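Presented below, as structure tokens, is a lone chain in the form predicted alone.
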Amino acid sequence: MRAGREDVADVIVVGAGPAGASTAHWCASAGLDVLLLEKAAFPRDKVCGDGLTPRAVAELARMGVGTQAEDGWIRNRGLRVVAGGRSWELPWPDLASYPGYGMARARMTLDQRLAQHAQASGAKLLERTKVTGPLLDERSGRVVGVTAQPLDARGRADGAATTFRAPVVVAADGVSSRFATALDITRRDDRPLGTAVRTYFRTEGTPRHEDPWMESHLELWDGAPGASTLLPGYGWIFALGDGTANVGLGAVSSTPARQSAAGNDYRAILDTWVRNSPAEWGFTAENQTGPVRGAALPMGFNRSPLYSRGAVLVGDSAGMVSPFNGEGIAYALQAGRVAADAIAQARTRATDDSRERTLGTYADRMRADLGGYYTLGRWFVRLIEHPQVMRAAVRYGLPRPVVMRFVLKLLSDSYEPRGGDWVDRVIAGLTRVVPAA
């Protein structure tokens, strides 16, 4: 990219999901040479609920990503909560910091759109390029690039392996993050871990077509509600505006060990739930448009440090999923923005020591903003692991508008961090007084 230099870029980004695309966009916008490496070819799928909270929509607006309906985006008004045989429609709060609406878009096209946006900003995207490990400086052990293998359309090696060098590498390679693991940055076993499974159904001619509410079922029954067996987890139905809906369920445990001990077959649970759903919803085998797929949800900064020896961790590779609601896209986009700012600032520093200190501010800023919130999320997960607590919350808390207003802002992370009403001030105060995650 720059003649006369051994480095091929100022920064290499490993993985072109939301976190990687955001990092690449912001780095390129700051005038840096960016190489964005993606092992698959777009369009490609990722397991997700496909819902975007107002916090995520705000990040898209900062990036300058167009979200018009004619380009495949659908807005939603808020969250419809279903539990105890009743439902409540809770509009997203209209705040100065975040818009009063959320959005939905399938990851099959969302990730491609964000990668294209990064390209338009100046990043160079190489698809079907699998990063096989970090390249380390022999004397310092610092990351100075990556080794990579070109792949063919079937994901097999296609040609000779190659090396790309850069002074900073960003790991945006997802929950497994082989790049971070190769640097001995391992996952923590004291952080919540979620599981999500989902599929898609055609919705034309059903009440689910273009539903303006993201629907969350806090209770899953294997038959008529209240007259059958309660299943573990919570379900969702998100209309995508393209004639389909994302239908799935999730579950969370306070530690990976507790999740393993539960031993639930969530694919079978999802199948049971949709088979017993109302016939007018159309959740039948004939209307199903894709397989049931599942993924782990790494929560609450479950991998650290976020920066080490020239390597920056963003998104799922750092466990930036909310323990409250399984949301990860908003934090992935935010992490890319904050990481890019630290990387761009570090490029202006005159000494190695000052560059390292500046790169380290990324981790400080992310923990300052999200650490307290994630700590509250860990405590929340420990509470709802007890069925009696969840039943009491559904029975006595949900019917109270003040409680629901508080819960919506807390669980969706849509509150004013400074100022706002009394609910905003209480939540913001709690995140500041608890220990950061």
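Not measured: the values here are computed from a predicted model. In this text, residue numbers run from 1 along the sequence as written.
Just so you know, the form predicted in complex with a small molecule exists too; it's not on screen, but the next bit is about it.
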The small molecule isn't shown here, but in the predicted bound form which of Val403, Val47, Ile384, Ala393 has a heavy atom within 4.5 Å of it?
-> Val47
The small molecule in the predicted bound form has a heavy atom of only one listed residue within 4.5 Å, and of Val197, Ile185, Ile74, Val338 that residue is Val197
Contact stretch among 272-280, 166-174, 117-125, 84-92 - heavy atom within 4.5 Å of the small molecule in the predicted bound form = 166-174
Does at least one non-hydrogen atom of Phe238 fall within 4.5 angstroms of the small molecule in the predicted bound form?
-> yes
Determine whether any heavy atom of Gly102 comes within 4.5 Å of a heavy atom of the small molecule in the predicted bound form, and answer yes or no.
-> no
May I ask you to state whether Leu37 is within 4.5 Å of the small molecule in the predicted bound form, using heavy atom distances?
-> yes
Residue contact check: Gly326 to the small molecule in the predicted bound form, 4.5 Å heavy atom | yes
